[in-house]
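Only one chain is given next, in structure tokens, and it is the form predicted alone.
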Amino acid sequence: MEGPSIVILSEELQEFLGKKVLKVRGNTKQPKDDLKGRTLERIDTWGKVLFLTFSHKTLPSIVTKTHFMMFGSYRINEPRENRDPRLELTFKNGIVYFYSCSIKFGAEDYQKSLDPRVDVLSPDWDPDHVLMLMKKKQSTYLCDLFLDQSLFAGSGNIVKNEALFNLRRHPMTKLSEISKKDWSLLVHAIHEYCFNFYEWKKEFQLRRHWQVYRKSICPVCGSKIQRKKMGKNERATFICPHCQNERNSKKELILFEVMPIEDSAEREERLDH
């Protein structure tokens, strides 16, 4: 789950704010039973991380850190899936399930150590601060740079792929190959796409806006999209070999608008004709 999805989750959890945990279960090895009888006092996010603070009248608060990794998910007030949740919280007004995620208790110090200026969806996001940090990353490939949580907390593989396409840049372009006067455009591309991601996801329209991620045909030139593992972590990367040709690294950097929504079948039929 990427940053925009975590923000949406935090909004969906608001109905439980100020409510007491009545029942706890799950296969987490953290001391989950300590949450029973506590009140959900705060809901915070940073990048791809969700923080929940549970208070008690006589005991210290507990702060939990949840990261959904690559395949994590959640359900709110829905039937439990046919698998054990990592954590299940029952409140008087509903129930929350967290699946296939990492949950840590006692995350107070970790939360305090995080820099809100690099959280792409935070009101404290500071693009000038991010640009300053980028000076130490000049040998980094863009496909790695756009996933660097110390620069773009909340950006994930969908954001990386779509932003690179909107910039028409090959993923293995190094930051040093981009003119410094255009670095702000890289920062803007990530910031803008994350907010678009948030709006589209809320409208259940996110997948319809994907241009290259998990697509087969380029919406601009009709070329076949290539899927390769790239970067230091070999993350799945989707590339148009024509629009994102490595020679484009020498061209002026332009941030293109997202193509109008079109069903993939309709798009491919149009390109065939």
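One rule holds for the numbers: they count along the sequence shown, beginning at 1. Computed from a predicted structure; not experimentally measured.
FYI, the form predicted together with the DNA isn't displayed, but the following is about it.
**Student:** Report the residue, out of S100, S176, Q111, N77, that has at least one non-hydrogen atom within 4.5 angstroms of the DNA in the predicted complex.
**Tutor:** Only one listed residue qualifies here, and that residue is S100.
**Student:** Of these, R38, K32, K215, R235, which has a heavy atom no more than 4.5 Å from the DNA in the predicted complex?
**Tutor:** By the 4.5 Å heavy-atom cutoff, the listed residue in contact is R235.
**Student:** May I ask you to check whether L121 falls inside a 4.5 Å heavy atom distance of the DNA in the predicted complex?
**Tutor:** No, L121 stays farther than 4.5 Å from the DNA in the predicted complex.
**Student:** Whether F197 contacts the DNA in the predicted complex should be assessed with a 4.5 Å heavy atom distance threshold; does it?
**Tutor:** Contact with the DNA, yes.
**Student:** Heavy atom to heavy atom, is R86 within 4.5 Å of the DNA in the predicted complex?
**Tutor:** Taking the distances in the predicted complex, the answer for R86 is yes, it comes within 4.5 Å of the DNA.
**Student:** Quick one: is K229 in contact with the DNA in the predicted complex, heavy atoms, 4.5 Å cut-off?
**Tutor:** K229 belongs to the contact set for the DNA.
**Student:** Considering the DNA in the predicted complex, find the one stretch among 134-142, 163-171, 150-158, 177-185 with heavy atoms no farther than 4.5 Å from it.
**Tutor:** Of the options, only 150-158 has residues within 4.5 Å of the partner.
**Student:** At a 4.5 angstroms cut-off on non-hydrogen atoms, which residues of 42-80 are near the DNA in the predicted complex? List them in order.
**Tutor:** Contacting residues: K48, K65, H67, M69, M70, F71.
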